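In structure tokens, one chain follows: the form predicted alone.
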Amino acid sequence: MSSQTVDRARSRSAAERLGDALTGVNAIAYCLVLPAILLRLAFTLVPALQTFWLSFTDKSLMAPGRFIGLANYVAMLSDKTLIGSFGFTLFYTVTSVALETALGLAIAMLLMRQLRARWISNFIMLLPWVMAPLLAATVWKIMFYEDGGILNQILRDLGLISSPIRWLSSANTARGSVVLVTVWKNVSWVALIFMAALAALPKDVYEAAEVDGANAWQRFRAITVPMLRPTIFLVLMFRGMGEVQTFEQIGGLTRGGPGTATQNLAYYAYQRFFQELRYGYGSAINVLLLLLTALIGGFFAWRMYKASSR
């Protein structure tokens, strides 16, 4: 059979498959889903394209929006506040994701043990995750109060401190406090993903390793981690993309303060766009944030694909 005949057979087969997909029950299903797809495109793709266009203009409350090319992106290179926000975004994302992944895996392995009333512990664990982010940040802000805050009161009663800790008014403690709240909020979701992955691991491999004399740490290092590698990259991808765009925790806890110590790219873009009404420059920052998010997502998606194909 010639190559042209094979190509025609393949194209006929593809056309037949496409025709089957667009007829009968499949056609009805596509028609039912089409409005949701169109709405998603209207409220996602259109604003994204508009933001991309605004990033090349000087649009503001007082300016009509003259095309200025890459001027906004060039200005970002000398914006010290933006550079500091970019640095804190990387610190916040890397620290939060690393702690969430490590603690989430540890909690998942603990909860997968045959504990009594395990459903109660699972329910309690998920409470932080289902809480609204801004509400969680507000509750923690009250707990972080220097005078009358519950955390300082507990530490003082235990004799660990003699004077109140400035949780949110000192740069270093404010950065740590934001990371703490983020990890507390999201670690339960990570643990849930790892629990599902651990439940799918084959038990016979662990039994064989135990018979061979492998201890718990050796089984974890040689069996659990390699088999969980695709799930680990999945968690890193979703949490990395989520943390780099964090807004509620920053806005609810510190509003980027003290000074600009906890100001990330998302909150900085919000300030330029909605407070200073510099729509062009704020859009350019959002495009930078989009590119950073896509870079994180693409990298870990590629690593997850490589790990799954082994």
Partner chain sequence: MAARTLSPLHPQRILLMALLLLVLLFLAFPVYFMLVTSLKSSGEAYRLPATLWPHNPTLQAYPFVIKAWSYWRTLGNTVLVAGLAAFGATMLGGIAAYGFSRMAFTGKSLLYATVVGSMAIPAMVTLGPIFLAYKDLRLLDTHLGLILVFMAEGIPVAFLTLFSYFKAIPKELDEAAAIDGGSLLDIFFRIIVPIALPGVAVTFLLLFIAGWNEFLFAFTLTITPSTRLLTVRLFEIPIRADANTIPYDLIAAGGMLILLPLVPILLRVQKQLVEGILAGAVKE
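Residue numbers count along the first chain shown, from 1. Here, rigid core means the biggest group of C-alpha atoms that superpose within 1.5 Å across both forms. These figures come from a predicted structure and were not determined experimentally.
Only in words, not in the display: the form predicted together with its partner chain, which the text now covers.
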One stretch from 72-80, 89-97, 165-173, 190-198 that, in the predicted complex, holds residues within 4.5 Å of its partner chain by heavy atom: 190-198
4.5 Å heavy atom contact, residue 248 and its partner chain in the predicted complex: yes
Taking heavy atoms only, is residue 43 within 4.5 angstroms of its partner chain in the predicted complex? yes
Close approach of residue 258 to its partner chain in the predicted complex, 4.5 Å, heavy atom: no
Taking its partner chain as it sits in the predicted complex, is residue 272 near enough to touch it, meaning that at least one heavy atom pair lies within 4.5 angstroms? no
Taking 121, 139 and 149 as the candidate spot, are all three within 4.5 angstroms of its partner chain in the predicted complex by heavy atoms? yes
Is any part of 154-181 within 4.5 angstroms of its partner chain in the predicted complex by a non-hydrogen atom, and which residues would that be? 154, 180
Examine residue 34 after superposing the rigid core and state whether its CA is displaced by 2 Å or more between this form and the one not shown. yes
